[in-house]
Ligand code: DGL
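Presented as C-alpha cells, the chain that follows is alone, the form predicted on its own.
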Amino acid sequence: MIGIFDSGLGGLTVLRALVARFPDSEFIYLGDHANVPYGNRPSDEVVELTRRSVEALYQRGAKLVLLGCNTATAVAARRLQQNWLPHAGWAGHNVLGIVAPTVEAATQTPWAVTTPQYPQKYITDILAVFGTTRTVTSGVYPEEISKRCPRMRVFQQVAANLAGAIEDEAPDVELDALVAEAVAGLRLQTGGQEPHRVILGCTHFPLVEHLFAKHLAPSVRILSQPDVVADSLEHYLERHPHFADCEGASKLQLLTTGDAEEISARARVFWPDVPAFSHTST
C-alpha cells in the first residue's frame, strides 16, 4: 500500500495520475484539511504536522508515503528522512517528496548526483518556477538545481492567489488573468527572455497548465508534477518492488482531518469522479 499526504487538496492531481498509472496498486490518501494552510505556519510546526500524518498512514498499512505537497516537501521531507525516520521504529518504511523528481526532470540528473556532471554542468538554460509564496521563499528549487546545473539560471515567480482561485472554482477569465500576471512578473525578472523549461511548483497548477501554455512561448517545456511524479515513482518501484505489494482489499481510500462531506464536494474540482472522503483524526 502506498500513502499520499497533502496539507490540502492539490495533491489529488498527483494521486489521480498515480491511480491511472498503477491501476492495480493500493493507495491511501490523507489530507490534513483541519490544519490547512501550512504556508503561514512556522517550519517546526509544518514538520510536526507532516510527521503526524505520515505516521498515521504507516499505522494504516502504508509502507511508502509520498508527500504530495510542495510546502510539506520543501520544509519537512529532508528532516523526516534524516532525523526522524531512522529512529522512529518504522523499519522497512520510507517517505518521499515531490521536489526530488521535479528537480531530476528539470536537470536530467539523478537525485543521488549532487555535484555537476558533464554535460549538465555546462547547461545555461533559463528555468522558471511558478509556486506559492512558501515554496518560492524556501528556495529549495534553485538550491537543488544549482547543485547539479550550476550555470542554469533559475527564476522564481510567486503566483500567490492562483491556488486559492483554482480551489474556489473562479471563472476562467479570473484564472487567466492570474496566470498572465504571473508570467508577466517572470518576464520582468528575465528581461523579456522566455524560459526553456517551466516548473509548475504547486499541485493545484496542473489544472491551469493550458493557461500557462497560452501565455508562454510555444517552445517552452512545462514540467507538470503529476506526470513527473508518476514517472519517478514507476522507476522507484522497479528498484524497490516490495513497496508496491498489495496487502488489502481496498484499492483507494481517501481520508481527511476536516469535514468529510465538505472536502468530498471541494475535491471534485481536482477530480470530478473522486470517491468520497472519510473523516479521521491523526
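We number the residues from 1 along the sequence you see. As the structure is a prediction and not an experimental result, all values here were calculated from the model.
Below: the form predicted in complex with this ligand, not depicted.
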Inset, instruction - Work out which of the listed stretches, 228-236, 211-219, 52-60, 29-37, brings a heavy atom within 4.5 angstroms of this ligand in the model of the complex. - result: 29-37
Inset, instruction - Heavy atom within 4.5 Å of this ligand in the model of the complex: which of 202, 77, 127, 166 fits that? Just give me the one. - result: 202
Legend entry - Residue among 102, 135, 109, 157 with a heavy atom within 4.5 Å of this ligand in the model of the complex: 135
Legend entry - Any non-hydrogen atom of residue 69 within 4.5 angstroms of this ligand in the model of the complex: yes
Legend entry - Contact set, 84-102 vs this ligand in the model of the complex - heavy atom within 4.5 angstroms: none
